[in-house]
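Given as structure tokens, the chain that follows is alone and in the form predicted alone.
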Amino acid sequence: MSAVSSSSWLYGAIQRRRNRGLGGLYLIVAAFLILYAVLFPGILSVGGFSKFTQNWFPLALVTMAQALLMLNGGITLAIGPLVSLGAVIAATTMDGVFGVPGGIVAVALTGLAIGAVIGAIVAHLRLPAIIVTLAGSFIITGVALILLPRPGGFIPGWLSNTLAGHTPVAFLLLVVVLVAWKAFLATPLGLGIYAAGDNPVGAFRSGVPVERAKVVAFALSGLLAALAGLFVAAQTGSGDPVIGTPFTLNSIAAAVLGGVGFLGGKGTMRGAICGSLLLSVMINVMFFLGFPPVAQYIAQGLIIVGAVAVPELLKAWRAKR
């Protein structure tokens, strides 16, 4: 059996197991969306839908970035700092010689490079991802503060109007990202990321380049986080070296809401996207119901604890029966 066919077989088996339980998640998301539409009927208009998707889009990107690593058996604490660095690079390069195209390329290459370096350290030095990304988060934050000590920089008005205006461009961009992800999954390396997270030893014996898959997963995760920072900069019209801080916790909470496990081999990217949508809607519903902003942090902490503890409690309960 060839490496490609072995990976395809592994991926098919993994997907059949991971898809279980998504129906319940879809129903919960639908229920919250209906509740949100009742509380805020304006979401049914083009402008309201555009504003909602603009707020959801960066969270969706960072959730995909986090889920990529969780599905591969890792986790990253550098999501928030990478968002901040992406925003800072966008705000400090777009008024230069190369303009907006150069700024976008700079943001993308920075995210890819940082993610690849972190992934190489984790994969080749066999260091825990949580430790490497924690150290990386401090370094990345320091670089962002050096480049832009305080909020500022330059984002062209037309770019902000295009990405964060009154048209659903953010939703269209998310569709493009999801199509690109689906296409990537059809490649041997894309299949390898899933297979390596589910069973690294079995994947290696089937010809999957496990270490390369890990490096690629980190690189793509860095790319998505940096692009989320670019979008946030377009929303605010400037760069901010600490604006991405909440996204680290949010990305983990959204991923576990979507059924992605901490240890790899559990969850799907579809579930992660639904988790990000559910978290975004929950935050908005809490706002309209008058909950204070601090309640959002408490809710996210409870989500993470519950998502980890409930399956274990159910497993223990079933074992006693």
Partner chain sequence: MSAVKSIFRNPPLLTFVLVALVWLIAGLTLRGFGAYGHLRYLLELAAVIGIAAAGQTLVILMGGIDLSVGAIITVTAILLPLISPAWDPTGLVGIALALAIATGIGFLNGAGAAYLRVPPIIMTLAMATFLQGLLVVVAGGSAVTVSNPAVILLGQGRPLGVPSGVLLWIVVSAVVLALIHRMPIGARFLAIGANPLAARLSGVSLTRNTLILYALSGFFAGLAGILVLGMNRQGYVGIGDPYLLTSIAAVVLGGTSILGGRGTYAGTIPGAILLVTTTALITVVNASPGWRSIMFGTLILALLLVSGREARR
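Take the two forms, superpose them, and find the largest set of C-alpha atoms that agree within 1.5 Å; that set is the rigid core. Positions refer to the first chain, counted from 1. If you're wondering where the values come from, they're calculated on a predicted model, not measured in any experiment.
Although it is not shown, the form predicted together with the partner chain is what the next lines describe.
By the criterion of a heavy atom within 4.5 Å, residue 134 is counted among the residues contacting the partner chain in the model of the complex. By the criterion of a heavy atom within 4.5 Å, residue 105 is excluded from the residues contacting the partner chain in the model of the complex. Using a 4.5 angstroms limit between non-hydrogen atoms, residue 22 is distant from the partner chain in the model of the complex. Contact between residue 138 and the partner chain in the model of the complex is found at the 4.5 Å heavy atom cutoff. Looking at 246-254, 217-225, 86-94, 162-170, the stretch with residues near the partner chain in the model of the complex, meaning non-hydrogen atoms within 4.5 angstroms, turns out to be 246-254. Though the partner chain is absent from this view, in the model of the complex it lies within 4.5 Å of a heavy atom of just one residue from 100, 112, 174, 143, which is 143. Put simply, of 242, 148, 116, 77 only one has a heavy atom within 4.5 Å of the partner chain in the model of the complex, and it is 77. Taking a 4.5 Å heavy atom cutoff to the partner chain in the model of the complex, none of the residues in 177-192 make contact. Here residue 291 counts as shifted, since its C-alpha moves by at least 2 Å between the shown form and the other one after the core is aligned.
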